[in-house]
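Given as structure tokens, the chain that follows is alone and in the form predicted alone.
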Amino acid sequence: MHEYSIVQSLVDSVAAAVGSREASVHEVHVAIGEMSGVDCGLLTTAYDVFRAGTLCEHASLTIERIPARWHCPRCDATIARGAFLRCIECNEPAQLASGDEIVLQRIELEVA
């Protein structure tokens, strides 16, 4: 289950962003692409287990799912969801434009 390594990186990123300031983290917001290979249910479970004893111990996790979006790399035409992954104008193979990301979007915290 690679969700635990993702959570470890997430908590490490929060700690790096907060730095040496005395702060209380209240909420962590992440964006997860549907093509990222991350199971959001498992990620939430891993976060609940891993955050104990960390800076994020009392912080909730909010996940925004990012849908996959395909486009033509030549003419930049959008490829419709569920369509054949080839541009109908250029006959070029489609390229994934978004939907494979894992992004720490926002940290809500209170600084002493």
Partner chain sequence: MCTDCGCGDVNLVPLELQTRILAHNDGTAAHNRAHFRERGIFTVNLMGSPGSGKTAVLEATARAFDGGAKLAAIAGDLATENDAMRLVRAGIRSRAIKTGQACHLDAEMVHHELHLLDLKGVEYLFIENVGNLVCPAVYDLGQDVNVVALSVTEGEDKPLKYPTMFAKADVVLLTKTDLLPHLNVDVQIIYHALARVMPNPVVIPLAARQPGGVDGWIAWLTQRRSAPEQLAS
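Positions refer to the first chain, counted from 1. Just so it is clear, the structure is predicted and the values come from calculations on it, not from any experiment.
We do not show the form predicted in complex with the partner chain, though everything after this point is about it.
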4.5 Å heavy atom contact, Gly82 and the partner chain in the predicted bound form: yes
Given that the partner is absent here, does Ala97 sit within 4.5 Å of the partner chain in the predicted bound form, heavy atoms only? no
State yes or no: in the predicted bound form, is some non-hydrogen atom of Arg65 no more than 4.5 angstroms from a non-hydrogen atom of the partner chain? no
Indicate whether Val103 is a 4.5 Å heavy atom neighbour of the partner chain in the predicted bound form. yes
Even though the chain is shown alone, can you say which residues of 6-32 have a heavy atom within 4.5 Å of the partner chain in the predicted bound form? Ile6, Ser9, Leu10, Ser13, Ala17, Arg21, His26, Val30
